[in-house]
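Just the one chain here, the form predicted on its own, laid out as structure tokens.
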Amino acid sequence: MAAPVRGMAGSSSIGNTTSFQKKTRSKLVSIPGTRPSVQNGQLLVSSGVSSLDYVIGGGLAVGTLLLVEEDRYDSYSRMLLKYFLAEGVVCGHELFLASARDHPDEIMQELPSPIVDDVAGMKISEGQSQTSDPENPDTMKIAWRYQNQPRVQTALASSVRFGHYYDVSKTMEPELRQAAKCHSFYQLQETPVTTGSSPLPSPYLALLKSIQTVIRKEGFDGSAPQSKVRNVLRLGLHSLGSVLWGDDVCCKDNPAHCHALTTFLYALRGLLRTSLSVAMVTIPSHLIQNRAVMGRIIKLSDTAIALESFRGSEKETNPLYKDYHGLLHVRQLPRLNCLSCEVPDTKDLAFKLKRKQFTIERLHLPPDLSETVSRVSKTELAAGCGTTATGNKHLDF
């Protein structure tokens, strides 16, 4: 028994020639409000809307850019931006908000109020657990041939809870909002920057330099010492490409600054890739007349979605869409650390604004239960080939 022990001890003292290594957990960056992706291991943050996180693959990857094509009245896209910023406030992330129309402080004052977790979980469970009771005589019965068909699950939700829920009918408490560190950029109050040989207009160049300064000064690019607690920077850029930003891409078919916005997005993605930051950019795509420019803008984004509101259109009075307020189109999904992206199970998506929450659901047509279905009467059935112009309904051979 002693000889093998000495042999093992001697072999271990010669050198670590074995390839055996003790299995340990991988050291991931631990930041509040983040989680690793199960597909590619990328660090994810929530967009503030759980159903949107489900559509785009679990959340927004840190270091990526989400492009939101605004609806015509910029009501729902602005709401998504406020959800994105409110999630950052609750998670303790730093914020950077840039706008050229409304002051950033006004947008921050409109952030929705977070809902208590128990109340939100109860509401969701009630919405998902509403099934028909066969013993209840008031429940709707369907034909026997369709009873074994799978039910249509309209709600989009992951099995793992991620993010928070918000009440759009209430605004966030000032104490909670003021506790967050927010950097603002209001284009109308910024001093013009000399562009020189830069292809970017003065507002875009000033915005890019301001973002770069915040990333480096706050240490989001890794320049801060390791003893400092790591955090995520959320960038919210509202309505880029509009005339207020000094861009004419929304005014002409052949704009003079046709490459200004694409150049800005290319430089912005370079800053995002090398820092712990994530950006949401809204663009009025319905005003961009050159579709080739819009196609390049989508390609320069990691994730791109479009909001089509029913307000002011024929679909607003269409009974098929009576339960929704608009459609959501997924233009592009990110391809991170892989060759292909995660394809959603359905592309027919619609959104609706409830009394307190903004949700995205699968689009499905309601059953035809109307009582005004046109039917052929017996007198019309009697009118056959023998009917004449005089109204004689008897057959005449």
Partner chain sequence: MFPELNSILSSTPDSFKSSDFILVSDRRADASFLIHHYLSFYLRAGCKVCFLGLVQSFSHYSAVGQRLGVSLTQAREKGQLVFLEGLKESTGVILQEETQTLSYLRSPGAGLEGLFRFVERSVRQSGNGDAGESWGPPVLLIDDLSVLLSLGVSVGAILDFALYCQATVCSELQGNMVILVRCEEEDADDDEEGSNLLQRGLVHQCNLALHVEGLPTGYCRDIHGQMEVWWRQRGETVYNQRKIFHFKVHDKGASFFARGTSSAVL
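Positions refer to the first chain, counted from 1. All figures in this text were calculated on a predicted structure; none of them were measured in a lab.
Heads up, the form predicted in complex with the partner chain isn't pictured, but that's what we're talking about next.
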{"property": "Proximity to the partner chain in the predicted bound form, single hit among 108, 90, 205, 172 (heavy atom within 4.5 Å)", "result": "205"}
{"property": "Option touching the partner chain, based on a heavy atom within 4.5 Å in the predicted bound form, out of 286, 230, 252, 269", "result": "269"}
{"property": "Output flag, 199, 209 and 337 jointly within 4.5 Å of the partner chain in the predicted bound form, heavy atom basis", "result": "yes"}
{"property": "Exercise: residue 292 in contact with the partner chain in the predicted bound form, heavy atom 4.5 Å", "result": "yes"}
{"property": "Partner proximity in the predicted bound form: residue 273 to the partner chain, non-hydrogen atom cutoff 4.5 Å", "result": "yes"}
{"property": "is_contact(residue 344, the partner chain) in the predicted bound form, heavy atom dist at most 4.5 Å", "result": "yes"}
{"property": "Contact test in the predicted bound form: residue 300 vs the partner chain, heavy atoms, 4.5 Å", "result": "yes"}
{"property": "Interface stretch in the predicted bound form with the partner chain - options 93 to 101, 259 to 267, 310 to 318, 182 to 190, non-hydrogen atom within 4.5 Å", "result": "259 to 267"}
{"property": "Stretch 167 to 185: residues contacting the partner chain in the predicted bound form, 4.5 Å heavy atom cut-off", "result": "none"}
